[in-house]
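We begin with a single chain expressed as structure tokens, specifically the form predicted alone.
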């Protein structure tokens, strides 16, 4: 796929090693991942194949700043070792200066910029927990962050998107604490001010969310006043959705294809998920929209 893309005419520059001690904490990259990233640091002489791919992926990424569709590329084969596992980290580090300049041109506040880009470190931590080793396998999602189209605004994240042929704001729920109505209200108010101020060329009138959190089957198990139920009832649900078993297991239990009998049942939500699956039923990812 990258064969058809040329290298950037401006070349590829990774941050200087001296800059990393200040960059990594701002990107929420922990010490364990930081050490392995530095150990696998690529160069055009040591890693010509990886560098060739980096140049073309970088050019594709920064040539599409503001593009709303995720860019999807495969993970590198295991024989490339740590350098291959962290390939997309090096790509995003190379693009850091470009997206920060994009944020500055759009007038994005510095704290919003860094909080948004810190999803890089959070995804590294999640991949380590899920897969048992270091690396980044969630590159498509993060191509939105490093092209300047998604922003962390309090409890929720919002990205420039489309819904039913019109402009929309995608709504995402990061793992960052209780999903309280008050925190969500504050995020929605922020988004209603933020996007007209920084992206005035497009009238964003609706928000849309695609998540297992919108599965109305949860109402069979959770209290009416639970944060999840109150969140999903903000939305008008459309379509039949898709199988969400893998997503709910990954996000709630941090497991991939676990043995159901080994799952903890400490909370009402955990007990509901297990009971539902044991009954031979499936969870669904649903799409919902709301007016902004």
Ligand SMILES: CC(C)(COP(=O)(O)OP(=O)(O)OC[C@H]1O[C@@H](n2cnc3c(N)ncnc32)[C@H](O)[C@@H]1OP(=O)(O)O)[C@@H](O)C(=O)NCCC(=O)NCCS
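All values derive from a computational prediction rather than experimental measurement. Positions refer to the first chain, counted from 1.
Missing here is the form predicted together with the ligand; even so, the following discussion is about that form.
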{"property": "Contact residue in the model of the complex, chosen from 124, 150, 213, 95 - any heavy atom within 4.5 Å of the ligand", "result": "213"}
{"property": "The unique member of 203, 166, 174, 81 whose heavy atoms fall within 4.5 Å of the ligand in the model of the complex", "result": "174"}
{"property": "Interface segment, criterion being heavy atoms within 4.5 Å of the ligand in the model of the complex, picked from 85-93, 103-111, 69-77, 177-185", "result": "177-185"}
{"property": "Interface membership of residue 269, the ligand in the model of the complex, 4.5 Å heavy atom rule", "result": "yes"}
{"property": "The ligand contact at residue 155 in the model of the complex, heavy atom, 4.5 Å", "result": "yes"}
{"property": "Touches the ligand in the model of the complex: residue 237 (any heavy atom, 4.5 Å)", "result": "no"}
{"property": "Residue 41, heavy atom within 4.5 angstroms of the ligand in the model of the complex", "result": "no"}
